[in-house]
Each structure stands twice: as C-alpha cells, then as structure tokens.
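The chain that follows stands alone, in the form predicted on its own, written as structure tokens.
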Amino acid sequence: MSRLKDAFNGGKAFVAFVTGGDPSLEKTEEYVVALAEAGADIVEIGIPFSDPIAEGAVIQRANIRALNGGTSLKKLFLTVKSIRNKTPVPLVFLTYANPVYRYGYDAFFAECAAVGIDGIIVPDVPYEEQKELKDIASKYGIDVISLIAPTSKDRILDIARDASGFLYIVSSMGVTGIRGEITTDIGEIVRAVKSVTNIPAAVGFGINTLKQAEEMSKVADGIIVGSALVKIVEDKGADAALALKQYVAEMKAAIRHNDR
C-alpha cells in the first residue's frame, strides 16, 4: 500500500505544507520535523520556483526568499535525506513541470526514491498530460498526486479512477491563499470521487481556521494547509517552530472531532 494512502488510515489526516529553503534549508529540516511531531500526517515541501503559477502572494514571497537564499533542488534533496533520518512522516514534493524536466525525469524520480520522497504534486501538468510523468514515477514507487478543481466536472471520475496516493481537492477557484469563506460544494465532489475509488480525498486551498478545518473534514478524508503555515514562517522566521507546532496541534484536534 502507498505510504500516502496509509497515512489516512488512522482517521482524518492533516497535510502540512512548507516552502523548502524558507527561511533556510536548516530551518526547513527543523520545521518539517516539528510539524510531524505536532501531528501532521503528511508534509508537503515546496520546491522553490521563480514562477509558481498556482500560488498566492504568501507562498510566492516564500519562493523568492528561498531562491534568494541559495536554495537549489540538489541542496533540497540533501535536506530531505536528512529529514528522512529524523522522521518517518510521508513526504511530498510540490513543484512545477520545469524543474522536473530540467533535472531529467528519470534522474529526478530516482533521487526522490533515494532520499525518501513518497509523492509529487505538479499543478501545471493537467491530468490528460500526466502519463509520461506517472509512468516514470511509478518505476521508482513515487505517487503522482492529482488535483480536482471545482471546474473539473466531467473529468472528476476519470481523474479519481486513475489516482494514486491521495486526491487533492481544490476548494476554490484561483491561487493558494488564506480565505475567509469556502463556498464550493466539497461534499458533492467527494461523493463523486468515492463512487469510483477508495483513494483518500483531502481538501486544500484556503483552509486556515479551526471552523474551516472542522467543516471540511466532515466531508473529506483530510485537509491540506499551506499559506497559513507559510505565513507563520514569514512572520516568525527562524523562530517559527513553536508557533507551527501549536497551530498544527490545534488544527489536528479540530479535524479529529470528525473521525469515524
């Protein structure tokens, strides 16, 4: 069984996101371990990129800070290897097609497997164009995590049938970022997914409050939080570990109310 799928077996899952290299690679290592200790079931690590088209202002700024600090993909691989020696938490890279293509698909996924990455999310590669990526990733045991957006409609069942690891349900149109309200009928999307697959479905994009976490986890198998955590890192910098742990512990407690 996929380690990512298995991460949902203990109840509603909390998936946390940080940008690799923000504010430094050493702190990324510290923060990933802290998130896992606080209860994160999966941690996504963003590979910093100059044109992160799916990201809002908070994560865009984190990408710039990481790149300006000298973070590279090769250095991030070394950091992940060190993280893997400290925690068994499943790890996912969030990246874009260009860094993977430039590194070389085979070389990239071989390195992912070597350092302990479990999955990858590539927002700018649509489902219909994922085959080459998935074929190579599967050789190395890496799950390519598909996204389902509110506009996916007739494609939802096809995406769900072909999913691995878990499905990332995008809660709202637009880019990532903290939202005051989520109006998409997530329950309808999850019901469609569950009609064709038992792959877990987690909801992300905009979730930042305890109320949102509890509401979304009523209908989904877990929640994904990125911008709110990256904002803590932006505000606290090198001293963010305690605040990150407190935030995750509170959010995890909120979603656990909905464990079945």
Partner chain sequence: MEKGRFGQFGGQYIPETLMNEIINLEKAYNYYKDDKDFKAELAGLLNNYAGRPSLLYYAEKMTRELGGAKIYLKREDLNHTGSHKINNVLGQALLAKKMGKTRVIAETGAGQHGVATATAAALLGLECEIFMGKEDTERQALNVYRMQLLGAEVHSVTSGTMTLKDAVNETMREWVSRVRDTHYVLGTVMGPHPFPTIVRDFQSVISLEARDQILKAEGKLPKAVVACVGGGSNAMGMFYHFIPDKGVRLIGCEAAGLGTETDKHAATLTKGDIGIFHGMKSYFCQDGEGQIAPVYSISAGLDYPGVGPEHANLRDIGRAEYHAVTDEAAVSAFEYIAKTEGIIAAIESSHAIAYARELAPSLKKDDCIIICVSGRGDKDVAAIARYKGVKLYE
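Everything numeric here is computed off the predicted structure, so don't read it as measured data. Positions refer to the first chain, counted from 1.
Not on display, but discussed next: the form predicted together with its partner chain.
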query: Touches its partner chain in the predicted bound form: Thr151 (any heavy atom, 4.5 Å); finding: yes
query: Contact test in the predicted bound form: Pro126 vs its partner chain, heavy atoms, 4.5 Å; finding: yes
query: Pro200 within 4.5 Å of its partner chain in the predicted bound form, heavy atoms; finding: no
query: Contact of Gln60 with its partner chain in the predicted bound form (heavy atom, 4.5 Å); finding: yes
query: Candidate spot Phe49, Ser72 and Arg102, all three touching its partner chain in the predicted bound form (heavy atom, 4.5 Å); finding: yes
query: Single option in Val89, Cys112, Ile159, Ile186 placed near its partner chain in the predicted bound form, where near means a heavy atom within 4.5 Å; finding: Ile159
query: Among the candidates Ile83, Val144, Leu147, Ile136, the residue which, in the predicted bound form, approaches its partner chain to within 4.5 Å (heavy atoms); finding: Leu147
query: Contact segment among 186-194, 136-144, 94-102, 113-121, judged by heavy atoms lying within 4.5 Å of its partner chain in the predicted bound form; finding: 94-102
